[in-house]
Each structure stands twice: as C-alpha cells, then as structure tokens.
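The same protein chain appears twice below, in two forms, each given on its own as structure tokens and labelled structure 1 and structure 2.
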Structure 1
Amino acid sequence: MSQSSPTGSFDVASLVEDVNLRRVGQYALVVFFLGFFLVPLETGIMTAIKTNESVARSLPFAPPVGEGFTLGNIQFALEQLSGSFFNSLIMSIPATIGSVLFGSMAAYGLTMVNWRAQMGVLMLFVVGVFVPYQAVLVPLARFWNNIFPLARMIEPMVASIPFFQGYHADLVPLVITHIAYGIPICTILFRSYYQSLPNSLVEAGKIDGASITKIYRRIILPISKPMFGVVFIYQFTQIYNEFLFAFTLVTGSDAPAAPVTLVLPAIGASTSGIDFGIRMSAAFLAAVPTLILYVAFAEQFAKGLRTEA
C-alpha cells in the first residue's frame, strides 16, 4: 500500500505502482459507453424542451436558457398523438397476444408432439419468416378492401362497443394481418425454447393420462413464462412500430384510425420547415408504451434471455 512520507509529502512512485491499470481501463470503457448511449438521449431531451429558435441557435446537447425553455412542445405533441395512441394500443395488444399464443401452441405441436408431415409444416413456418412485407401489400389491400371487406361489415357492431367508434373497425383487418404475419417468427422462437425442455415432462403427463391439450395447459404453459416475456416484448415492439401494413390498410395520417407510426412523421412539419422540438417531443412520447412494457416485463425478459443462452 502506498504511504505518505514522514514529512507529509506523497510517495508518487508507490502510488503509481498501486494503480491497477486493468481496472482503470474497465472504468474508462464504462464511462465511454455511458457517454455513447446517454449523450444522444440527453440531446433528444434537451431538444424536446427548447423552442425552435433555441434549437437553431444553441448546441444540440446544451440545456435551454431563459426564453428558450418550453414545455409547449410536449403538450402540443401529446394533443396530436392522443387519438393515435389509443388506435395503436387497440391494434398492438390483441395482435401481440394472438400471435404469441398461437406461436406457442404451434411450436409445442411441432416440437413435443410426434405426428406425420411435421417437418414439412415446420418448413412452411420457416419460409413464412422470410416473406417480405412488400411482397404481400397489393394482394393484402385487394383482399381486405374488395374480396372480404371485413371492416365495413363489422363497423356497426364496433360502433356499439363503449369507448369505440365505427372507424376503429378499420383496425381489425390490421390486427388479423399482424397475427398471421407474426405466428411464424413466434413459432420459431418458442420452438428453440421447447427443444431445451426434457421430453420426460410430456411422457410423465401421458403416463398420468393427460391429453396433449392438458399437458400444454398444465405443464408447458406455466414453465414458458420467461419465454413468453421475451417473445411478447419483441412482438409488441414490432407491431407497435410497424408502418407498411398500417399505411396500406388505414391509408394515411389524416385517417381517424391512424396509429402512431402514421401520425408521427407529420407532426412538427409545416410549409415553413420542421419544428425539431415538437418532433422530438412526439418521438419520446411515442416510445413511452414500449418503455413501460420493457420495465413491466424486465424480470421475465432477463430470465428468458438466460434460458435462451
């Protein structure tokens, strides 16, 4: 250990010798990555609470000073997004639950139950993962608008539900589309988890006389909670932030059923230019539901990742 000399002066040589260079390097890396991730976040927050003039005249990461500070950006963005928030949630929540639950069931049937043509069906799910959105946009629009206009058929029924309006029926085809498109990737994710489970779980259930359905409901489903947390967060984030299907089926940011992803690009834009403070405020508000979901399922998410590893 370094000690000061009897005269009270520091022994520089001993102090340098005691310094652990490896630990110093680790701290330096931590500080570097903290800055790498936090500086853009701090810059975004500062931009969100600045007036447009302050944004133009100050450094991006500098805090607002005097009249450059405003909360009006957040208030304006919240007013613009309030309706689309509701649209996004009533679209994302049922679509996520449906695709995750069906994906879990399909993975169980393709992994822990033996039956003919199993591999052929599994290959169809794998192919479904790689079908690009752009390849199905035109047939999708024709199907939901001309061949099977489900939204128009159920509009009176949706309008009779409390807190809902008739135009919310336009979101039902979008929900079904996201469920169908999300099942393949959810199935593949759950299958990798079920392959790690011992077959003795299913065999023990069969010996006790349980059916395939009962084994899934009583044994497989309870032990799949961590994986449900991972897949639910992943799928909700994908659906909530999706743009192409929403733009094709809801058709524009001025539609009353438009979700957040359609409304967000138009906020803060005008003929005189872009108000970056308003746009940044809207971007932060749009990210709030996914952040709440990550916090709510953080424990299950961490367990699921450890299980996957």
Structure 2
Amino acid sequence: MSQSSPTGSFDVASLVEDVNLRRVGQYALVVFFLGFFLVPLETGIMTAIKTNESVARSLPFAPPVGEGFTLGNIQFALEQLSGSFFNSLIMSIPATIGSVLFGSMAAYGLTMVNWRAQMGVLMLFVVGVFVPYQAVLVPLARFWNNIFPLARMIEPMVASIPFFQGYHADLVPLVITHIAYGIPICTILFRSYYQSLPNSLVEAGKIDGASITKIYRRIILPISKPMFGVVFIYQFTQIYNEFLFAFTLVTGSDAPAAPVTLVLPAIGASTSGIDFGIRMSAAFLAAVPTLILYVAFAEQFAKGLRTEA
C-alpha cells in the first residue's frame, strides 16, 4: 500500500506535464474514432426507440424527447423475430459445440503425435479456412435437396420432440454444414494453442504409459479450458451471424425455420419503403446475443481474431 500513493501522485504529475499539444491531439483523435465507430450504432438504437413522426422530424442521432419515445417498434420487432431467435439458437449452439470439439480433436491429433504427411493434412485444413463458400453452394444445395434430403427424412421424428415443430428438421442439415465448415478454423485456433504448450507434458504422459486418449482426456482437455472459451465465443459469433448457408439451405425469409439473419433484411419493408424505426429495432435485437457475448468476453474475442491471422 505504501507503494501506491507515490505512484498515484507520480501519475498526476506526469499527466500535468504531458498536457502538451501532441498529447491533446492524440486524445482528440482517439475520441474522434470513438465517435466514428459508435455513431452508426448509437443512431440505430435512438431510431429504434422513436415514433415514426419523431424519426421524420428529429436528427437521426438525437435521443427521443417526450412524446417521441416509444417501445412499440421494439415490441413489434420482437414479435416478428421471436420464432427466428429460437431457430438461430437451436442451430448455433449444437453447431458451435460440434465444430469446437472436432477442431480440438483434430488439432490434438495433428500436434501432439508425430507422424509423416502431417504438413500436407494441415495444409488442407488451412486452405479450408479461406475457401470462399460460393465455391460449394451449388453442391450444397444439390446435396441436401436432391441427393440426401435429410430434412424431409427426419421431419416426423423432429416433430415428435417437445417444443419442436416439423420444420425445425430443416435446421439439421444446416447444423451439419456449419460443423463441417467450422472444423478448419477451430483446428487452426486450437493448434496454435497446443503448439505453445510445453512438450514435456505429453512426454511425461507417454513415459507413464498413458494412451493417446488418456493424454487427451486427462492432460490436454483440462489445460485447454481457456482456449475452449476463446474458440467457443469466436465460433458461436460466426455461426450466429452467418447468412449464406442459411440462405442456401433454408431459403426465403418467410420460411418458418429461417434464422434471425435471414429474416432481418425483410422486416419493416413495405411497398412505401422501409420503416426504419422497426428495421433498427430488429437489427438491434438481432445483435443482442453477440453484443452480450462481446461485452462480457471482448478479450477472448480479440484473441480469437489475433490467432486467426
């Protein structure tokens, strides 16, 4: 404690000393960019809680005053989106768990055990991270619609599960697709972590005669908990936010199994134009799950992005 007060006063002194033009300019820029990144969001939220009249009359970023305030738009958007929220979550959660688990297993197999041709297999995983999904859309649509119509086959089974409807079967191919295409990035993220672990951990396990499975379950899984957090948050955000696969497999925004991202571009649109109060409410609601995750785990999210590069 005796250390803290001199440090405190030193800080204040250096702050006063540092108030020169360069410092002021630097902070002004920092604040400017704060505005740059926040204004579209702030404007969206303010527009979401204004009446139509207020949207038309007031400045877009100004908060609503008096009569201009309403929660009607958000309520309306919530009603429109509630079904698709459920679809999004029951699609994203199993897809995330699946791809994260497979990614961890693959990364373990590739890093912890030495065998030839490892580099070639790894390359195939890395390329899989970057492949534009457009290159597989036509095959995907044909596979799940014509060759192996899984959704139609399991529809009666899904309908018999409580809380589920037959149309939720449409989400099963989507979950499998997300798992398969999520494996490469999860593998690469886990691999960078497993490589940073000391080799002695596994060696010790091997000397003790532990099997590969035992090393994975007893040694690797417990110490990679933090990395599981990072990859899980990263992957959930990706899958929840994803649009193209859902667009290909579930098609229209009016399909009952459509996830949030598919419904959003159609909400509040009519022949007379877009009702921005409703559209912004819906956009804000759609972003809430990822925003909560981001605010709570910003550091993990940043780490996921850093490792990807």
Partner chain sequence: MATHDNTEHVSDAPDEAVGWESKLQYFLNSDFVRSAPYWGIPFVLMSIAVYGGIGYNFAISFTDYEGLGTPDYSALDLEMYAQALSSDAFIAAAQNNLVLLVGFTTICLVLGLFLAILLDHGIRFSEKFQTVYLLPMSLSFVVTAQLWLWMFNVESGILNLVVTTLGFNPVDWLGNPSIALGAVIFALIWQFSGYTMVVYLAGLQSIPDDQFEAARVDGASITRTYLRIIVPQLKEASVSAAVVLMVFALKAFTFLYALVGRYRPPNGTDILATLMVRRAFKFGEWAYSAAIATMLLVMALGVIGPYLYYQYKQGSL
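None of the values given here were measured: they were computed from a predicted structure. Each form is matched to the other, and the largest set of C-alpha atoms that superpose within 1.5 Å is called the rigid core. For residue numbers, the reference is structure 1: its sequence is counted from 1.
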item	value
Form predicted on its own, given as structure number	1
Core superposition between structure 1 and structure 2, C-alpha change of residue 40 at least 2 Å	yes
Cα displacement of residue 296 between structure 1 and structure 2, once the rigid core is superposed (Å)	5.7
